[in-house]
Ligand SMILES: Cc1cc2nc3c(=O)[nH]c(=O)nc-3n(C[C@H](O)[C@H](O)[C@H](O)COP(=O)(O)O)c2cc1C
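Only one chain comes next, encoded as structure tokens, the form predicted alone.
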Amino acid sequence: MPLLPPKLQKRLAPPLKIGSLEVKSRVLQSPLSGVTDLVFRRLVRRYAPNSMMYTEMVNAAGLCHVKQLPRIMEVDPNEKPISIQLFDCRPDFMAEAAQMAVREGADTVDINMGCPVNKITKKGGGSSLLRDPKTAEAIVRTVVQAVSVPVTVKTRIGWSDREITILDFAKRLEDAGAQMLTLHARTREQGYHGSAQWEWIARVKEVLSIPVIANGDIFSVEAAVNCLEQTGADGVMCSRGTLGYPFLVGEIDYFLKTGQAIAPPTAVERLECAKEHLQGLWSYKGDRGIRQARKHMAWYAKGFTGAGELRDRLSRIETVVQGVELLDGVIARIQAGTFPEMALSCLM
């Protein structure tokens, strides 16, 4: 574990200011499709109570004629600070959706301009806006005029290594009224492959006056510290590092505030968290929650002997009872020191 440089700790000590909003943490939980629902956010917030959380991204166009908001926009009145992320390429739809998000309780409205998925980019949303800066600018300007809360943007460094346009793009967004920029330091072409190009975060930080949040390859406390030192960013956003590990945001936040490391969770603690996550998804979503839980359970089952076999079993559970019994059985055997010698077949 690296030492926390005193200059870095001092620089990050004040609250993160996003327009008129003060956030008492420099570590944010990224919006993740199919992941950052109410159940997951509650787990992350247990260890990082002051961090900004984000909903899964919401299709603004899909909100135009609904009588009831989709469940992915649901927020707990007590979960503060919270941001609702929206995507689309039409400023008027985005403005209307942003007003709905504020009524739902959003402390900020985040605009997705970074999603690389084809079904999003083919319709002009997500990272395709990197190739259409005029529309991106119009979206930000229109949404800013429509709501009273800060408007932020999450984007990438460019479409490809041959088309890195982030310096001009980021400045346009700031001039349009964006009050924070989160930069995933990969191109759209990279997707989630290769290394994040943190040097571009540093370059963007030099040209903007609004907060710049670093995103990409933040899988540990050490990575977060290195990124913040190298880029001068105002904070970090954790994404894939929290899959099956909702402890990460809190671990980084604690280290940045105190210079002390929190002991990582044991295998038993991770599996107890997995069980709580499973039960929460079942209570919140029923059978659909169980189907969604399979991927989460597979992410939790890592980092200890016998995890591979357990992961295979958890990815095929059909009921909450089945999953809980499997997890309880493995937890008991880990505590007794008899796992994985005990055959998994007898646990189902």
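One-based numbering along the sequence shown. Keep in mind it's a predicted model, so treat the numbers as computed, not measured.
This protein has a second form, the form predicted together with the ligand, left out of what is shown; the following refers to that one.
Although the partner is absent from the chain shown here, E56, Q85 and K154 each have a heavy atom within 4.5 Å of the ligand in the predicted complex. Although the partner is absent here, R186 is a contact residue: one of its heavy atoms lies within 4.5 angstroms of the ligand in the predicted complex. The ligand is not shown here, and in the predicted complex it never comes within 4.5 Å of any heavy atom of G323. Contact check for N112: a non-hydrogen atom falls within 4.5 Å of the ligand in the predicted complex. In the predicted complex, the ligand lies farther than 4.5 Å from every heavy atom of S51. A heavy atom within 4.5 Å of the ligand in the predicted complex is found for exactly one of G216, G235, G125, P246: G216. Contact with the ligand in the predicted complex, defined as a heavy atom within 4.5 Å, holds for exactly one of A307, L38, L69, L32, namely L32.
Looking at 139 to 147, 73 to 81, 254 to 262, 178 to 186, the stretch with residues near the ligand in the predicted complex, meaning non-hydrogen atoms within 4.5 angstroms, turns out to be 178 to 186.
Shown here without the ligand, the chain has S239, R240 in 224 to 241 lying with a heavy atom within 4.5 Å of that partner in the predicted complex.
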